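One chain follows as structure tokens, the form predicted alone.
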């Protein structure tokens, strides 16, 4: 069931150098939500900015919904000015989620970067995960450890400038784990983040015959498949990211 709710902000604060966390209370928008789904937020009551902004669910605790965001443009900059008690019009839950339950004894590895971190932290809170690998540009993007209090997976970071964790791209860690695995095909990868990162992850998975899922976050204007602005190229033609995704199987996607 999808709802378009007027909600009141309960918290909106910076959690590190780059990320903000916003929370609101809504029994309807919290009901039955799964990791990988998203909400579409109207930032102002007037038509400026005109388009809503999509945000992945970061966490749902009871009827409390949390999103994690960074300033990527004017819309998210405006969002940082919102205070406790301010109201937002929110449409959701939207989209196809990540697979939570898997048959057999498979090793689950989550690979995240940038705006792809929130849904994978949420997934690691919802189900059994072996590794949560997070790629950052620098230490400023690293989340406080308390944000992983409900995550039982081994959390590992890479930074491009070597300021935290392993130096390099997140695929460095992913390859190390795959190389140690006696049966790589027993691994299942779920990834979300910049397209270049996900393409590299899927290329590496293809080398070893590893299956997985990727959340393709194209620009979603309406969130309900009407505007066709978020099309994703698949082996069965173009599909909407907001309705038929954002989560797709690796084998469905046409990637570089």
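Just so we're clear, the structure is a prediction, and the values are computed from it rather than from any experiment. Numbering follows the first chain given and starts at 1.
Missing here is the form predicted together with a small molecule; even so, the following discussion is about that form.
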query	finding
Interface stretch in the predicted complex with the small molecule - options 199-207, 212-220, 23-31, 183-191, non-hydrogen atom within 4.5 Å	212-220
The small molecule contact in the predicted complex: residue 75, any heavy atom under 4.5 Å	yes
Any non-hydrogen atom of residue 60 within 4.5 angstroms of the small molecule in the predicted complex	no
4.5 angstroms heavy atom contact with the small molecule in the predicted complex for residue 44	no
Non-hydrogen atom contact residue 118 with the small molecule in the predicted complex at 4.5 angstroms	yes
